[in-house]
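One chain comes next, on its own, written out as structure tokens in the form predicted alone.
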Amino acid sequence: MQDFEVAIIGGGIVGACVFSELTRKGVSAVLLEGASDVSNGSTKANSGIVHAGYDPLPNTLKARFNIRGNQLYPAMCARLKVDILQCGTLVVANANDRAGLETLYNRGLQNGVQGMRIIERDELHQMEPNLADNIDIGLFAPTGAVISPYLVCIALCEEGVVNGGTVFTNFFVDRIEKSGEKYKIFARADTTQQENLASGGMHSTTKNDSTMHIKNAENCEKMQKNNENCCVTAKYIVNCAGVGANAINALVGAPQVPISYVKGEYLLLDKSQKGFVNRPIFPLPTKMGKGILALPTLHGNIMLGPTAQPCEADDTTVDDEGIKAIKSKVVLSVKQPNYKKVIKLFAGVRVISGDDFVIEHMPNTHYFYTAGICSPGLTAAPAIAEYLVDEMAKDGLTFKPHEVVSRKPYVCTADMSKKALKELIKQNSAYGKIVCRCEKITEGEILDAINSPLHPTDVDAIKRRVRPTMGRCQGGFCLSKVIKILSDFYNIPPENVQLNGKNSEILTK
């Protein structure tokens, strides 16, 4: 049992922002994530757009936190040492829909969006040569941007760890008890606990530290075999559990929130299509959402989607109907993409609770909860965290003087000059061994990721940090090498290496 001031349940982008905000203020905080890694739910399947703020209805939480979050992102990304593509966004339409575009523009003005302008046909097609021929007008918002949502989430959690915070993955909360001023939070006994090196402000670790990390996991597993639960205690709880928000609320007697689930399917195109669009291209939004987009990713791919289909909480399948919907609707905004260059299909589930975010403090308790943080939730997350931490301070949480420690960014050999790379290889030959040809990722970069503050233990966790298996071949050439690196580092058989958490082994004997 470990004791903290604040426990955050849920390691998506909102929970990660709260965790970072607290630890940078000197608060003893723990982040509890039920999956094998942070950013493993809706966050990893997000389009990565930092929305400008013209879409939410005025005077809503969505509008308030969208605008503030957009303002916070550039400085936050600079602090975290992660990239942000400040390319702006475009909503496009034909001449018959000018009134709808002007409505969106006026809403943006009311919300406080800066720098917007309506662009006419000639300039619009110069900005985006692959717009559909019938597109006549566009709303350009220069404050829109693109990030890697999972990398930002991971970086926030790493920042929290190096500033004294704790992260537990595979900590699936199934019981909460009140004991005086403290909550006791128990993990489900049939999960395998792993302490992703959480305390002591460790920034980077050695193989010996990883051995300690494995022993901590083994100790928890022994407890569970004896039907004992792993447990942490905290005075404050912040529920950022996403699809599991109501389940956590039920454990403390908080109200159930009306929730529905919507699946968004995407097509990802190879980097050879870079430049097909230069910024996110939206059609005019409808009641069903922002529509089918074409947008560049931070790393040079093109993404098409998402769909918007009601679904179950765990449905991340992609089917023919979804693919057909993307293909039929994206051409309303842009010319026909080259579908021969599609390298991946994927889907994410977003949680909706009515027309606005739910961000509440349960009366007469130290329990705070969020729900329905759908689009523009990624953009709003830093502002939601800022608000929640301020509310906890009003509720008695105190901050301690603290010299903030910066997280160390991952080495990227592909961005280095030949001279700098040569010097690096002299220091460590692992940086000269290419593992992923598509993304030009070296063994040294993968080892850096494993040694990072959260100690990722499976293939997809490595992928989200430094991109092996994310290129054109989708792991066809490099997957076996990544498995071997993880097997050697953690001293486990290759058939025990997992793709993405429990029961996802890749190899058989």
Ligand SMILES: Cc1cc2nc3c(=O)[nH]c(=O)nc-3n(C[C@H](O)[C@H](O)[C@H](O)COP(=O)(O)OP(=O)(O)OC[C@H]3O[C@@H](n4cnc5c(N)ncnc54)[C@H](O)[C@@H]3O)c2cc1C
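Residue numbers here begin at 1 and follow the sequence given. Remember, predicted model here, so these are calculated numbers, not experimental data.
Another form, the form predicted in complex with the named molecule, is not on view; read the next lines as being about it.
Interface residue among 70, 46, 457, 469 relative to the named molecule in the predicted complex, by the heavy atom within 4.5 Å criterion: 46. Proximity of residue 375 to the named molecule in the predicted complex: non-hydrogen atoms within 4.5 Å are present. Heavy atoms of residue 172 reach within 4.5 Å of the named molecule in the predicted complex, making it an interface residue. When the named molecule is considered in the predicted complex, residue 463 lies well away from it, no heavy atom lying within 4.5 Å. The shortest heavy atom separation between residue 379 and the named molecule in the predicted complex is within 4.5 Å. Between 102-110, 155-163, 407-415, 239-247, the stretch whose residues reach within 4.5 angstroms of the named molecule in the predicted complex through a non-hydrogen atom is 239-247. Of all the residues from 249-285, those having a non-hydrogen atom no more than 4.5 Å from the named molecule in the predicted complex are 264, 266.
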